[in-house]
Every structure is written in C-alpha cells, then in structure tokens.
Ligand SMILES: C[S@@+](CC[C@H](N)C(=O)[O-])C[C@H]1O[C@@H](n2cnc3c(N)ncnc32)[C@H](O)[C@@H]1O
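As a starting point, one isolated chain is supplied in structure tokens, in the form predicted on its own.
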C-alpha cells in the first residue's frame, strides 16, 4: 500500500480525478492505496509524486491504472449457485411477464462475461419452451467505465480461464472454438450491447429495467456512494424488478427499505 506522504497521495488522487474524471473520493481509501501501489511498483516509482510524473510521461499508464482501480475480475457463471437461482426463479418470472421488451442491465460488466451468461440463460429458457422468437424482446446492456474491457466484450472471444466456472454442457453448446479461443454463439451475442457508463455518476443508462446485476462492485465504494447507487438502481428498476449483488455485498441503511429479499443467501432482491 501507499504509505506516508499523505499530502502527496492526496495530490495524486486529485490529479487522477481532474485528468480522467475518475471519482477517487467515492472509493474506499484502502482499496485506492493498495491498487495504486501495484502500479507504482510496476513503474518503479517509490513516491506518489514520482508516479504522478510517470503518468504525465506515459499516457498509457493512465489506462493501466484505471483498469487496476476498476478491478475487472470476472468469469462466465461466476458463483454458479447465484446463477442457478436466477435460472430457476428470476428468468421464468421475467419470461412469464410477457413484457414488450425485457430490459436487463449488467452494471460494471468488465469484459462481458456476466451479460453473456444471462443471455445464455435466457436463450436456453426460450429453447426449452420452443419460444425462440421471443428472444427479439430481450435487451441486455452491459456497461463499464473501462473502454478497453468493453472492446473485449464486443469482440466476444475468451480464453479457457474465463470458462472455468461454466458447466460443461453450457460450455459445449454456447462456446464454439475459434483459433484457440472460445467465441460466443451468435444467437446469444446478438442479445447484448455495451456502452461506457460511470456508475458513480448515478445516471442509469436504462429506465424500467427488469433485472440489474451489479456484483462485486459496490464493495469498493464508500458508504455514501453505495447509498446513492442503491437509490439510482431503485429509480431505474421497473416495478417488482430484480437486483442481484455479489456474495460479499449487502443492502445497508435506507437501501433496506427499497428492496425485499428474494434469496438473501445469493443476494437477490426485488424492488419494493
């Protein structure tokens, strides 16, 4: 972690916010220090001031830093137990509602594994019911602050490591191998789109959303930012819409009055 020289560290995070619009103040201090320290070691800059100079000298280092700060650890079907509940509880209910358009938002989607995982569940449900034509009503939006990650999501080619949690039957059906990588079945690929969005702007890119997934993201934010984000999710969700958080995340304070548990263990909630 970045130790000492608090004035230098404060100047550095103010610079990052000013130069890139990255809202450092909304992130937990320990998280910021730990991840900035990783990049400082990589650049062999022992002080915050030297690292600030390195950022000016190497603009690509900013991209590496932002990627480090936004974590971007993901897999297809990460925490299968959660996806199992989504498959057996959430997807059937969304399907039965028969909405003209079912809107799903993967907030902080990184390189696309999460929105595509949901797309696979929707596609499989449609096939089992022999209602594949209804897939035209499914809209899945993946958003992230990292443009490079979104580019990877658009390309939709993945290494073996991304499929480590994927059940073998789904892996065989939905991931054709192309040049040593795993592609995404075109029928699922068409369900998802991607765009850049800063969650800490609290401006949801969709309204009347039926399912929001924001997993293993808010844990890095300060409490005030978490409260504001839960309020933004509540505004974005349609009546009775679902919110899915990460296994180590919880609703706190006033957010408990905005949602009711559907499956508390898997952190699946419904808008009140």
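Numbering follows the first chain given and starts at 1. Given the structure is predicted, the values throughout are model-derived calculations rather than measurements.
Keep in mind that the form predicted in complex with the ligand is not shown, yet the notes after this line are about it.
Answer range among 51-59, 231-239, 36-44, 216-224 for contact with the ligand, defined in the predicted complex as heavy atoms within 4.5 Å
Single hit among the candidates: 216-224.
Pick from 193, 72, 173, 89: which residue has any heavy atom within 4.5 angstroms of the ligand in the predicted complex?
It is 72.
Here the chain is shown alone; which of 103, 78, 182, 123 has a heavy atom within 4.5 Å of the ligand in the predicted complex?
The residue from 103, 78, 182, 123 that makes the contact is 78.
Can residue 152 be called a contact residue for the ligand in the predicted complex at 4.5 Å between heavy atoms?
Outside the cut-off, so no.
Hey, in the predicted complex, is residue 197 touching the ligand, heavy atoms inside 4.5 Å?
Result yes; residue 197 sits at the interface with the ligand in the predicted complex.
Any non-hydrogen atom of residue 119 within 4.5 angstroms of the ligand in the predicted complex:
Contact check for residue 119: no, nothing within 4.5 Å of the ligand in the predicted complex.
Do residue 110 and the ligand share at least one heavy atom pair within 4.5 Å in the predicted complex?
Residue-level check for residue 110: yes, a contact with the ligand.
Is any part of 135-172 within 4.5 angstroms of the ligand in the predicted complex by a non-hydrogen atom, and which residues would that be?
Heavy-atom contacts within 4.5 Å come from 144, 145, 146.
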